[in-house]
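The chain below stands alone and is given as structure tokens, in the form predicted on its own.
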């Protein structure tokens, strides 16, 4: 079991919640979140390479010994950040399960993700992590693993739509998936809503792109 540092007993580390002291597990979760928030700030400010574990310690107000009890390396911190993002993505892309069509599911899931990431201001961090993944094998494995889980939610939906004659994509499924995932990543990194692009206009453009690639097959009324 992880030992709790003295800082966890300081004001802010174990504050009362609704008048009652936090449990040991709750204090641990609170400390982890503080570390992750501090690391995000450092990564965006100094870059992954420039940000050191010492800087993260200073940002969070924690001794190196205490920090290393939670995370042995920056790569471990990135993995924890990606895990939190993965849970958010599972929620955003969960709309795929109840979609009326493959195209509609993709549009609604993408818009939910774009809105969520923009509200969180995650674009600078996403860009830094993707950049670092080009140099760091451990970070690449974490980032690509996260991306692969999202793809695993989308691909079966498209495969079924193709099998049922609902869509007739312009390219084979593997290529289609590669393009869609790259477009999604680009939208997350660029954060168009923060640049002044209205969400309703963005949805119109994204829907047109999705329908152009998927080519939904419109059913014709049955002959009377």
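Numbering follows the first chain given and starts at 1. The structure presented is a predicted model; accordingly, all values stated were derived computationally and were not measured.
Only in words, not in the display: the form predicted together with another copy of the chain, which the text now covers.
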Check all three, 197, 202 and 208, heavy atom within 4.5 Å of another copy of the chain in the model of the complex
yes
Hey, of 53-61, 182-190, 30-38, 66-74, which bit sits against another copy of the chain in the model of the complex at 4.5 Å between non-hydrogen atoms?
182-190
80, 95, 153, 127 - the one with a heavy atom within 4.5 Å of another copy of the chain in the model of the complex
127
Indicate whether another copy of the chain has at least one heavy atom within 4.5 Å of a heavy atom of residue 109 in the model of the complex.
no
Any non-hydrogen atom of residue 120 within 4.5 angstroms of another copy of the chain in the model of the complex
no
Residue 172 near another copy of the chain in the model of the complex, any heavy atom under 4.5 Å?
yes
Check residue 137 for me: does it contact another copy of the chain in the model of the complex (non-hydrogen atoms, 4.5 angstroms)?
no
Heavy atom within 4.5 Å of another copy of the chain in the model of the complex - qualifying residues of 29-64:
45, 46, 47, 49, 50
